[in-house]
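Heads up, the chain below is alone and in the form predicted alone; it's given as structure tokens.
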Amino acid sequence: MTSTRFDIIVIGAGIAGLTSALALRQAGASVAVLDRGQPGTEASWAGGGILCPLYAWRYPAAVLAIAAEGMRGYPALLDSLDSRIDPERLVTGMRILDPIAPGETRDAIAATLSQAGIRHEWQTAENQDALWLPEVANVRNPRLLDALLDTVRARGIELFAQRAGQEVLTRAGRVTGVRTPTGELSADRVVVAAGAWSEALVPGMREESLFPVRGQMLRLEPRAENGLDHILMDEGVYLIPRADGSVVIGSTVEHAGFDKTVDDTAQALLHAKACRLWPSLAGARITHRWAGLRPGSVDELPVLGEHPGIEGLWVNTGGFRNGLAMAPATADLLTALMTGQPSTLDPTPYRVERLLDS
């Protein structure tokens, strides 16, 4: 029988919510996860699955630090899953054909990557510098989410699909639970991990501090003869080989509100660029086209920590394009903060209060 009282309720069943729920359950808490729709089918499902920030040296240092920690945590996370589903983590490496933008230098890029512990090599292709990152891996997002959902169920975490967290309930400055369309659930603590929908659930959040950013993708049929065996990137477009020989192509960056419409023009541009980058893809059939809404933040940093004015209200969101790569590290950091344990990461840059009305 389903309980209506938990130690912790996590709002959102994407990569941030599911990994957080598992880490908190491992720490001994009773945990429930709510999702406004079908768990594991929003931004975490829709992304390309690259476990490394794209053009990593261009992000704030605090983004790269937590993403690099997350990347290193993936083998252990995948080994811990209670599921027969293989997330298909492939260490393919990533070749970036346009690594140096105006104002950037090879030495500065190399120093940033070295500090983050990301192996890299400079190559020359057609008289221009290319950057090879040999240890970059990718996962097949839908399979990863399904494996995480299997594990959540196996660990005794209550999962409520099609049950939105409408409001975090409080009394005398502390959390008491969550209001949902079918009634209230009680909890001592609540974690908002609702991705692009998080802002409305955090009292005092400045308008448009968190927002959706649409990304469109497409997938080409499996063809062993395409020859692509590594992630290839140029001018913001990436090609990702999958274990079955299919290739995933992405991605746009569009501020279109909560609209997940797939646009023919944008899709055609992505496809044309991919075929220029790897001409053997030109004859491959497009099998899927889709769009997702990434959770962006106004300062590009994730939001992770306790609300300064509401005891027991925690937040883990705002990963934008790097939420998947960050997930093992954000879950571990959140759990360390909630249980009073030490962490190797400095939580200061991610604090909730930086985005609240003063």
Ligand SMILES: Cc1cc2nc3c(=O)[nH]c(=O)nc-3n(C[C@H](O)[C@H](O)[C@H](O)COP(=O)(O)OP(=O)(O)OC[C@H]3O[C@@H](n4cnc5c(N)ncnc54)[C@H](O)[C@@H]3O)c2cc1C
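Treat the numbers as computed from the prediction; the structure is a model and nothing was measured. Residue numbers run from 1 along the displayed sequence.
In what follows, reference is made to the form predicted in complex with the named molecule, a form of this protein that is not presented.
Of the candidate stretches 22-30, 305-313, 58-66, 42-50, only 42-50 has residues whose heavy atoms lie within 4.5 Å of the named molecule in the predicted complex. Every member of the trio Gly17, Arg294 and Arg321 reaches the named molecule in the predicted complex with some non-hydrogen atom inside 4.5 Å. In the predicted complex, at least one heavy atom of Met217 sits within 4.5 Å of the named molecule. When contacts are judged by a 4.5 Å heavy atom cut-off, Trp197 counts as touching the named molecule in the predicted complex. Of the heavy atoms in Leu333, none are within 4.5 Å of the named molecule in the predicted complex. Within 4.5 Å of any heavy atom of the named molecule in the predicted complex lies no heavy atom of Thr92.
Residues Arg163, Ala164, Gly165 are the members of 160-180 with a non-hydrogen atom no more than 4.5 angstroms from the named molecule in the predicted complex.
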